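Given next, in C-alpha cells, is a single chain: the form predicted on its own.
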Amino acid sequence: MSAETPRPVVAVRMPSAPSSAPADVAPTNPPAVAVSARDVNIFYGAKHAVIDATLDIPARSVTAIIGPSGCGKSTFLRCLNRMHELTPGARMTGSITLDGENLYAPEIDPTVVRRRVGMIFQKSNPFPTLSIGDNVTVGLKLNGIRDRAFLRERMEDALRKAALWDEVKDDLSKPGNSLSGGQQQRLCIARAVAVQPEVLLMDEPTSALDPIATLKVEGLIHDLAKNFTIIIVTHSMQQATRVSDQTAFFYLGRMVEFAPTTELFNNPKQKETEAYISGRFG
C-alpha cells in the first residue's frame, strides 16, 4: 500500500453492548490487571532487544502484540513466564507481576511461574512418543499427580476446552502426532490448559495452519478468554482485530502504543502505529 492510500477502517470484534441502567448507577469498575510490566528491558548479551516496556494487561481478556519482525514481540512474550532465561546470555531488568506478585523475586521458582503462565508455540509440538491422552496429562504427572480418575477428568475437561474432545475421544491411545496440524495445535493448547494456568501466552499460534484450522483456533481463543488471560503475538493485523480486546504495537524494541483494539486500529495516536497499520512498512 502506498503512502498516499487512505488508511482503511478495520472491522474488529466489538464488546457486547452494555445493558441499560439508571443514570444514578455508578459505572462498573475497570477490569482487574492480571499482568503488569514496568520498565522492562531485555538483553541478549550486548543486544538490547526490548527497551523500557510498560503496560498493564487486563485479566480474562485477549491482548494482541503486533509489529514487524525483529521488533521484540516474542522476546517480551517469553519474559512473561521467564522462558527467555533458557537462552544463554539473556537477562532482564524492570519488574513483571502476576496478580501483584513479583515473578522475578529471588524466592520464586521459574518452574512454578511456567505452570502459572503457559505457552503455546508457533509450531505445534506434541510429544511423539506419547498418546493423545498422555500428551494432555503429562504436565500433571510431572507435578506428581497419579490419581487416574482425576487425570482422566482433567484430560477430558482440557480437551473439551480445546474444542478437541469430540474429535479424539475414541482415539485417545493414538500418538499425538497422528493428528492433523490444526488438531495438534489444539492438543498443545489442551496440554497447557490441563495444569490450569492463570495466563496463556501464544506465539504466532496459527502461522503454520491452513485458513480453516486458523479460524478454529481463533474461535477457541475467544472461548478460552472467559477463563484465562490470553496474550498473543501475531504478524497478522487481521487476526489481531478478530480476536483481541486490546493491542500493543512494538517497533524497534519499544512498545510504541497500547490501546483497545478498536481505538488502536481506527484512531492510532502515534505516527509509527499509523504507518505500520496502513502498510507503509512491515
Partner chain sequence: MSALAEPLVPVANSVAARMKPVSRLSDNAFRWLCLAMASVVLLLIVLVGWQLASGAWSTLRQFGVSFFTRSVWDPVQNDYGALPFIYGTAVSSLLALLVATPLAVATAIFLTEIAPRWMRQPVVFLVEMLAAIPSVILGLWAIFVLLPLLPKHVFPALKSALGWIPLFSGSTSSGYTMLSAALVIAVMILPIITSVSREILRSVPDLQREAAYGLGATRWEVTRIAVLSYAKKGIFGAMILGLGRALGETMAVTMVIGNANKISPSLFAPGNTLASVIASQFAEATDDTYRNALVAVGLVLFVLTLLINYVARLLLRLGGAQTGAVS
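Everything numeric in this text was worked out from a predicted model, so none of it was measured. Positions refer to the first chain, counted from 1.
As for the form predicted together with the partner chain, it is not shown, yet the points below apply to it.
Quick one: is residue 153 in contact with the partner chain in the model of the complex, heavy atoms, 4.5 Å cut-off?
Yes - in the model of the complex, heavy atoms of residue 153 and the partner chain come within 4.5 Å of each other.
Within 4.5 Å, heavy atoms only: does residue 97 come near the partner chain in the model of the complex?
No - in the model of the complex, heavy atoms of residue 97 and the partner chain never come within 4.5 Å of each other.
Using a 4.5 Å heavy atom cut-off, state whether residue 147 contacts the partner chain in the model of the complex.
Within the cut-off, so yes.
Residue 72 within 4.5 Å of the partner chain in the model of the complex, heavy atoms
Result no; residue 72 lies far from the partner chain in the model of the complex.
Can you work out which of 109, 171, 166, 101 has a heavy atom no more than 4.5 Å from the partner chain in the model of the complex?
When the partner chain is considered in the model of the complex, the option within 4.5 Å is 109.
Spell it out for me: taking the partner chain in the model of the complex, does every residue among 38, 50 and 93 have a heavy atom no farther than 4.5 Å from it?
Checking in the model of the complex: none of 38, 50 and 93 is within 4.5 Å of the partner chain.
Considering only 222-240, what residues come within 4.5 Å of the partner chain in the model of the complex, judged by heavy atoms?
Just 227.
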